[in-house]
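In the block that follows, a single chain appears as structure tokens, in the form predicted alone.
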């Protein structure tokens, strides 16, 4: 294996370890030393791959986007239900994303720009999905632009409730209930 391939493999190990540490402790309490220890590196060795904690955070967020990459033009409402199902199988990733999202609302958080940009794209994607499914007006009379932020709020809000009390909140069933409110047949 080439040196570049080994470096990429090591970076991947570091990103997975960072995801775990952030999931357990949150970004602010996560340390480079804890991540380095998980992958058998010194902190200096970790800094060779990610020169700052902020660079590591951005790497984790970008890696998560790559792990979840699906061509945007293929999304439909029923595929959103499949995404909710998939997320229910990986609580650590959902927990990390949710923790970082919650922390990023502070003005000085290094992920704030990432999440601001991400939500701009996600709202646009949800608008396109809704427009494809319903045209210019949903059965309620609202436009896709009006419903898109509500759809995103349902997706993220269900994740938070599920993480806090998974026995009380069935995220996948609740999202299918939401689709029924939109007049969609629940996906089988």
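Positions refer to the first chain, counted from 1. Everything numeric here is computed off the predicted structure, so don't read it as measured data.
Heads up, the form predicted in complex with a further copy of the same chain isn't pictured, but that's what we're talking about next.
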Practice item. Within 4.5 Å of a further copy of the same chain in the predicted bound form, counting heavy atoms only, one of 39-47, 124-132, 57-65, 153-161 shows up; tell me which. Key: 153-161
Exercise for review: Report yes if all three of 25, 29 and 178 come within 4.5 Å of a further copy of the same chain in the predicted bound form by some heavy atom, otherwise no.
Suggested key: yes
**Study point:** Contact of residue 142 with a further copy of the same chain in the predicted bound form (heavy atom, 4.5 Å)
**Key:** yes
Review point. Would residue 81 show up as a contact with a further copy of the same chain in the predicted bound form if we use heavy atoms at 4.5 Å?
Key: no
**Study point:** Partner proximity in the predicted bound form: residue 98 to a further copy of the same chain, non-hydrogen atom cutoff 4.5 Å
**Key:** yes
Check your understanding: Any chance residue 87 has a heavy atom within 4.5 Å of a further copy of the same chain in the predicted bound form?
Key -> no
Check your understanding: Considering only 114-128, what residues come within 4.5 Å of a further copy of the same chain in the predicted bound form, judged by heavy atoms?
Key -> 115, 116, 119, 120, 123
